[in-house]
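First comes one chain, alone, set out as structure tokens in the form predicted on its own.
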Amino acid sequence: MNKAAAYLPGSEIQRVQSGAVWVGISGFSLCLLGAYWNRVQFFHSYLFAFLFWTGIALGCLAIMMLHHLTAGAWGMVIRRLLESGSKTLALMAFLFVPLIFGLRSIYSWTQPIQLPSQQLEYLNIPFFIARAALYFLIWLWIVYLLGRWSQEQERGEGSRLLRKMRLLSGPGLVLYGLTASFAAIDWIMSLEPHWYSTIFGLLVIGGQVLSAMAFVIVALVLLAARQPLVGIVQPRHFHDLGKLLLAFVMIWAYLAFSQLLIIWSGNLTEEIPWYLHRWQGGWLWIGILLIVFHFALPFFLLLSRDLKRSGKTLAILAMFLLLMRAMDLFWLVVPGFSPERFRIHWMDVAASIGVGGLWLAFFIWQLKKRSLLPVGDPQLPPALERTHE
């Protein structure tokens, strides 16, 4: 048996995949029934679900390229998770298609409204679709090359391929930053076309990498408790990932506060209403919950060395942060549809479960194709080397 075969996922993962498929189908079926009575609400809920799961996939891509650039040992135990997560972008490109049919139900700029001429030239349906196609082409091209070279490592020439992945990851991160920022402007910020923020793209990117890191920590803890990774993942690996999770929490908080500070101090009538919509009608309580549970509580908990070294405890906190990430995205998106009062529709939950089930099934399908560790990478042995802790 070769090394790659020794680290193939166990049979349990197949049952999880089958369950995820049925959950996804059930969620989508409920949403389709709901769309029969309320077509507009279906597209609003579907947009939120699409953005959340696409954000995790993009965050996986960003962290994977960061790992290739830094060659950190922390990335070796989660690289296959990051690769599988980024490959779900192919599924999300397919799931973007339903949004095309609902653009007029989602975005006010598709209707006759008063906007500056330059904005109208940018915000039109054909150009919107063309930009989305370009974003996905760039993301999938990077995913394809990094995935192919990573797979070729198992057949030899690990050092040469490692250099190729590093050379692509530098410009790849720049391309990711640009395309993800423009996608955030197109898909989220244009929900309220009279408002703009120069830092909004970075804020969304910060949320994406935080969501992805939280997801891979949960996935790693679940896999590390089963064969073939039992005894492979050590407390120091969780410690490193916990420190990165803390860093991403701080980055998100810094960007969120910076946007608020810049807009509020500017006191511009075009920009302030965006926050006013989120500080009234019940939305203010969501903002307060985000301050306390998305930043303050995780920040202080992640200062603990013992917590970061405990896989189970870290996974619980990561799951909680994923819930907060969904709440933050909900706070960014839904007030654009309902600025007067807080509301959550049952289709918001059903769409998230439907898209999430299919996303998870696709993720597992990619994960079980290969070994759970990059056995051809020359950096793997020192990353797994046991130390006296």
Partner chain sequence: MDGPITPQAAERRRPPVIQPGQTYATVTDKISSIVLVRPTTPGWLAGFLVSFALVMLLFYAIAYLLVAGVGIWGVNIPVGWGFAIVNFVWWIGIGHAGTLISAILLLLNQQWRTSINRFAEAMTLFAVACAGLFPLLHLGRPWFFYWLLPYPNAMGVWPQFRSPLVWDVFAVTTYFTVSLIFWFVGLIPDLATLRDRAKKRSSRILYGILAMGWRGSALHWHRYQTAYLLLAGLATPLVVSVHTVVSFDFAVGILPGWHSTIFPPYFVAGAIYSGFAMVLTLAIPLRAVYGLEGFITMRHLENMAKVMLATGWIVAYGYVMENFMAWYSGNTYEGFTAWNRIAGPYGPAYWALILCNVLLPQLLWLKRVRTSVPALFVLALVINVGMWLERFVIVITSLHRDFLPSSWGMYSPTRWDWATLFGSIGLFVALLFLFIRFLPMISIFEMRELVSESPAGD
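Numbering follows the first chain given and starts at 1. Not measured: the values here are computed from a predicted model.
The following text describes the form predicted together with its partner chain, which does not appear among the structures shown.
Undergrad: Given a 4.5 Å cut-off on heavy atoms, tell me which of 91-99, 140-148, 305-313, 200-208 is the interface stretch with its partner chain in the predicted bound form.
TA: Going through the listed ranges, the match is 200-208.
Undergrad: P116, L123 and E385 - do all three of these have some heavy atom no more than 4.5 Å from its partner chain in the predicted bound form?
TA: Checked in the predicted bound form: all three residues contact its partner chain.
Undergrad: A73: heavy atom within 4.5 Å of its partner chain in the predicted bound form?
TA: A73: contacts its partner chain in the predicted bound form.
Undergrad: My question is simply whether W264 lines the interface with its partner chain in the predicted bound form - judged by any non-hydrogen atom within 4.5 Å.
TA: Looking in the predicted bound form, residue contacts with its partner chain include W264, since a heavy atom lies within 4.5 Å.
Undergrad: Could you tell me if M189 has a non-hydrogen atom within 4.5 Å of its partner chain in the predicted bound form?
TA: It does: once its partner chain is placed as it appears in the predicted bound form, M189 has a heavy atom within 4.5 Å of it.
Undergrad: Should E154 be counted as a contact of its partner chain in the predicted bound form, where contact means heavy atoms within 4.5 Å?
TA: No.
Undergrad: Among the candidate residues S258, Q280, Q227, T110, which is the single one with a non-hydrogen atom no more than 4.5 Å from its partner chain in the predicted bound form?
TA: By the 4.5 Å criterion, the partner-contacting residue is S258.
Undergrad: Looking at L178, L222, L297, L284 here, can you tell me which has any non-hydrogen atom within 4.5 angstroms of its partner chain in the predicted bound form?
TA: Checked against the cut-off, the match is L178.
Undergrad: Taking its partner chain in the predicted bound form, which residues along 205-237 bring a heavy atom to within 4.5 Å of it?
TA: Read in sequence order, the lone residue that approaches its partner chain (within 4.5 Å, in the predicted bound form) is R236.
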